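Next up, structure tokens for two forms of one chain, structure 1 and then structure 2.
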Structure 1
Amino acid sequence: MRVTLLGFGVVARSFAEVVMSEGPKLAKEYGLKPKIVGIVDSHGAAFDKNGLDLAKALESKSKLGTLAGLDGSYHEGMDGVHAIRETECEVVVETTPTELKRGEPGLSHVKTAMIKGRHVVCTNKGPLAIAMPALIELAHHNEVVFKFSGTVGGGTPVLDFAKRCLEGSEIRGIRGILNGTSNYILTRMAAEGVSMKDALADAQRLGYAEADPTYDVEGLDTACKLVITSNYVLDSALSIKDVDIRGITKVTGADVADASSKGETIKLIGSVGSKAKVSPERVKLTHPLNVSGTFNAICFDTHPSGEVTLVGKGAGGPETATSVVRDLIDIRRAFAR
């Protein structure tokens, strides 16, 4: 399976490491043999139809900040749309940073890839938060598979858990912690009295935060994930404009301490029921949604089974890279018959 990577940040680099370290296992257990024939970052593109040297690509990115170390394969200044048009491959993996004004450059990458007949794996929330119904239609029209499990829950398979494992139950509402960075910040404020600013700086250093960290703390990242989950699981047609959004920036150390003294904790909760909203809410310490650090927790209100809660790591390169592998396995299965 020939793959082009759009974006070479934390998630794509972790994915490249998985391909190098787990290659034989993926081939043996799943018949998955990803050959990375193209990599594009914000400076340029590298491609080689025989497969790029991933160790060299990682070394180049770490030492030079670009893919220039890939010598003859490197095309400085070539952008993603151009690279998708130039490269022969089966799958485009879109991992560029989420951008919520126009969804770019991810939206153009996804559209170009589909129009070229490429299957798409997308971990970038921007294109989906802005144009999910249209992209799903475009994928159908071009008869390609569109997978985006890494957009919600990082490595935790929230979307397919709800869609496949809860089949037969009616899902009446969704409520959850969907942003690892804000949960990490609130956890450290509560447990260690760390300031929001310092905890955010740590989350950025550890690779959890968005390229624009206001998306995390202002609730926009949670809103994106709520839109994607609701559209996928409940067949709604929401976009981010339909969500009432309030983030954690006004939560103080005193608020957190007061909640603690009452057997509660403050969490950034996204919910869909009669309306879609994101806001800080008090949660009982004993409630399943009280998860710490970068964990996400999502509770599906199902009929007749009641609340079903899924918990797992929601941010981080290696975690999200597993979602890319999962989506590629699904694409391979769809075409291996």
Structure 2
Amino acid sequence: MRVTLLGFGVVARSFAEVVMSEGPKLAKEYGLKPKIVGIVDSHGAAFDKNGLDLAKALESKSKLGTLAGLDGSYHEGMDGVHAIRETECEVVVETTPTELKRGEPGLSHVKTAMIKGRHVVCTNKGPLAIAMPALIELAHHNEVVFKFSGTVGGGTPVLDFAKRCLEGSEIRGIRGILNGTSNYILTRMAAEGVSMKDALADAQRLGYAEADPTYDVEGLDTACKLVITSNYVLDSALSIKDVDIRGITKVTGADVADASSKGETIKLIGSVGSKAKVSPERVKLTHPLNVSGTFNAICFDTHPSGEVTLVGKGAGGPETATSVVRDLIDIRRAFAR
């Protein structure tokens, strides 16, 4: 299976490392033999029909900040759309950063790949938050597989769990903690009485939050994941503009203390029922959604089983890289039929 990577940040580099270290195991156990023939970052692209030297690519990115160390395989300034058209492959893996105004460049990458007849694995939430129903329709029209399990829950298989493990039950609603950064901040505020400003600074120092944490603390990241989960699990047709969004920036230490005095805690909850919303809510300390630190938890209201809750790590390079592997295995199985 020939693969082109769009973006060479933490997730893509972690995936490359998995391919290098786990390649024989993936081939033996799943028949999956990914050959990375193209890599694109913000500076240019490298491709080789025989497969790129991944160790050299990782070293080049680490030392130079670009893929220029791949010498003759490197094309400075080449963008993702051009690279998709130039590189022969079966699968495009889109891992560029989320952008929520236009979904670019990820949206153009996904659309171009599908039109070219390439299967797509996407960890970028932007294209799905903005145009998920249209992208699913485009995939069907071009008879390609579109996988995106890494957009929700990182390595925790939230989407596949709901779609496969809850078969036979009616899922009537979804409610969950879908952003590890905001959960870390609120956990620190509740457990240690620190201010939101200090908790956020610690989250940034530890790498849980970006230098610009807007998507996390304003609830936008949670809203993206809610849209994707609802559309995939409930067959809704939401975009991010359909979600009522309120982040955690106005939660005070007094709010947290008051909730604690009543046997409750405050969590940033994304929910879909009669409407789609993201907002800080009080949760009983005994409720399964009361998870700490950077953990995510998502509760499915099912009939007749009642509430079923899945808990796991919501992000991280190695964790999300496993979701890419999982999606590639599914694509390989579709090939094998």
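Residues are numbered by position in structure 1's sequence, first residue being 1. Everything numeric here is computed off the predicted structure, so don't read it as measured data. In this text, the rigid core denotes the largest set of C-alpha atoms whose superposition between the two forms falls within 1.5 Å.
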> Which one here is the form predicted together with L-homoserine (HSE)?
Replying inline: 1
>> Using the rigid core as the reference frame, would you say residue 72 shifts its C-alpha by 2 Å or more between the two structures?
In response: no
>> Core superposed first: is there a CA shift of 2 Å or greater at residue 100 between the two structures?
In response: no
> Does residue 263 move its CA by 2 angstroms or more between the two structures when the core is aligned?
Replying inline: yes
>> Please give the CA displacement of residue 193 between the two structures, in Å, after core superposition.
In response: 3.8
